[in-house]
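Next comes just one chain, in structure tokens: the form predicted alone.
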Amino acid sequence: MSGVIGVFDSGVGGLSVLHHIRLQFPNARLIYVADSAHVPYGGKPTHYIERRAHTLTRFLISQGTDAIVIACNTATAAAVASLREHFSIPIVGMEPAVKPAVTATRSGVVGVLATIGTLESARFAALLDRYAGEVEIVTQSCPGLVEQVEQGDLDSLRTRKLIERYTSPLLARGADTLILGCTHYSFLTPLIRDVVGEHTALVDTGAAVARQLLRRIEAELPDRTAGDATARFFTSGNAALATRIMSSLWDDSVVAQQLPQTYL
């Protein structure tokens, strides 16, 4: 069995998770799909996101993937259960890092920055219920931040103003730990850090997801062999724009290919 790992996200944000997967699987062949023609997922109906998740999963399986990571909190909430019902390969999703944030907080107040789709999902509600009473968890939806990352705009005044707007209510409530509940937000970590200060802990889940993927593959695909350590990139959006943005975020030259028409 060849070593091929497929990863998809609503756009380029999942590249933050792909970085951790590459560290965990240095010899794997990676295939990444940015569904940028449909970004952001956050405000779209659950059935729409679920349909896109199934479409992208079928594409990745057609490319020979052994395991798939849904590098998107919103898509995980909307589709991970049905994907696992329909497809037999290991499928790993995202989950806002509430547990490590609860452990990290000193003030007893944890803030969550996420998309509306994530915050309104039953999966997230169940996660909050699990930790109810241990700490106060304050949530904040962040319209516009995903779009800033999709444009490669990581440090402009507009992006800073958005971050200030979304973090200030959380800090005012006493949050000393902020969960980055969207993979796009990881690319804004330096700017978020500059806005909230050094004493506020920032928590994301990319490394934890890569470790979970390793556990799943070791348990379920013991005969898997090493891949060729390459990475291929696809987009449902503008391939030229994706090439430019992905190259910047991946820290290496990338050529993004257009998804075949069947999967757009």
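The model shown is predicted, which means the values in this text are computed figures rather than measured ones. Don't overthink the numbering: it's just position in the shown sequence, from 1.
Beyond the structure shown, there is the form predicted together with a small molecule, which is absent from this document and is the topic of what follows.
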Fill in the blank from the handout: The stretch from 58 to 66, 36 to 44, 231 to 239, 23 to 31 that lies within 4.5 Å of the small molecule in the model of the complex, judged by heavy atoms, is 36 to 44
Handout entry: Residue contact check: A101 to the small molecule in the model of the complex, 4.5 Å heavy atom
Key = no
Practice task
Tell me, yes or no, whether T177 is in contact with the small molecule in the model of the complex, where a contact means a heavy atom of each within 4.5 Å.
Solution key: no
Practice task
Although the small molecule is absent from this view, report whether V110 comes within 4.5 Å of it in the model of the complex, heavy atoms only.
Solution key: no
Handout entry: the small molecule contact in the model of the complex: A97, any heavy atom under 4.5 Å
Key = no
